[in-house]
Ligand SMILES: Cc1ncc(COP(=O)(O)O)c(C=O)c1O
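Presented as structure tokens, the chain that follows is alone, the form predicted on its own.
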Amino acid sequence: MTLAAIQAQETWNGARQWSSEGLIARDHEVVSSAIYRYTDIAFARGEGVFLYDFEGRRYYDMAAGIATMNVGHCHPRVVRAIAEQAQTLIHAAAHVGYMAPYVEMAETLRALMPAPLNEGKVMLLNSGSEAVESALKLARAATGRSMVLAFMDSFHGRPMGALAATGSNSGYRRALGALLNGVEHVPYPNCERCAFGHGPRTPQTCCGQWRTFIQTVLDKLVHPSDLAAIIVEPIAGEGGYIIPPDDFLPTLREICDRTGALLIVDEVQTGLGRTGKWFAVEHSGVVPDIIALGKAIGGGLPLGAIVARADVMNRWWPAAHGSTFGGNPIACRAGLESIAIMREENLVRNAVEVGTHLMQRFQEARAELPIIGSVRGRGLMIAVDLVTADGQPLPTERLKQVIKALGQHGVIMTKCGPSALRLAPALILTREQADEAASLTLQALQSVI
């Protein structure tokens, strides 16, 4: 059916009656081809852990806006907070004057931090990518140094500065020449697929070659006195939900302390309870100098932040950085209400309990479904590797077929790493809902074997 025919069919008495087919057709006419879609599903509304299309079909949303909707879709309290704030003050810009939601969000984020960041300072922004770029800029300004150490398998965003630190996919850099100068990459310790050829291992039996590699880079490529920062994800997200060895973050902390560099931890995806602690870095006991935040802190609205030690943040002079919409009052109110709900409903603990059960379901299914390889994660940040008969990552085209099949079975997921299903649902997911979503997922996998 042509686009014109669809538009005519959807218009009745002058009012548009949307259909999934019609919306998708109109999208293809006007939206950039750079926007990749995992599914062919058009979303009409969301409620809790579910999304619905325009024909009323229900889907388990195991993506949650890519680890964003921690308290689910359209939580009544979040909706009410947004509406109330919209009636009071929509936007005024933090550069023009002071706004209560901005201050309250900064106070709330700081209070969640481990010491000494709980006495640090905050800047609110629009997104995780903007937070990463701001963190890199702050590190350079505060240290007077130029070089940054980042990791392969990392994802820090797609804008040119954040992209310079991203190392998970060459496609993000395709046809781009000079990005932000002064970023060197080293391998992230991915023990299951060791960059140094040592075969599948666990984080507990890691070869440790990554330490030698970092030191070689500092000896031969980046003089320690030029190192402004090391930026790292505590769990590599886009790279495959890779959990590093226990000594990884402590080693980076030691290097920063020894060289005078700053440790930047990107908690955009891992932060705010997803891994079973408010911040994933807490699993290691390491405290960074700067934390970059985004995704879930806005309660579904665009919001990012950096939290830094006060002495680091104070090295920035007035007007050194800023953001017109950063800390928008409505986004702050949505985020504040989401954090309040998470506290009251113990959703950080729920992430551990339901996440453990969900991982167990997929681990048990490996015996009957050889397409399932490694199952790993923390809390409700779970990866299920899909593999061929010889244990290699499932080819990209087959993986796309699997994700489409999941949609047909009523489950929405994205991918991470070479061929892993990424499970990052709302933290309100119950054990019963997790069971049903897992069963539907396993049915879909059975259908494509």
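Residue indices: 1-based, along the sequence shown. Remember, predicted model here, so these are calculated numbers, not experimental data.
What comes next is about the form predicted together with this ligand, which does not appear here.
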| query | finding |
| --- | --- |
| Stretch in contact in the predicted complex with this ligand, which is absent here, among 151-159, 88-96, 244-252, 209-217 (heavy atoms within 4.5 Å) | 151-159 |
| Heavy atom within 4.5 Å of this ligand in the predicted complex - residue from Leu136, Ala334, Val281, Val268 | Val268 |
| This ligand: the contacting residue among Ser374, Ser129, Thr143, Asn190 in the predicted complex [heavy atom, 4.5 Å] | Ser129 |
| 4.5 angstroms heavy atom contact with this ligand in the predicted complex for Glu233 | yes |
| 4.5 Å heavy atom contact, Lys295 to this ligand in the predicted complex | yes |
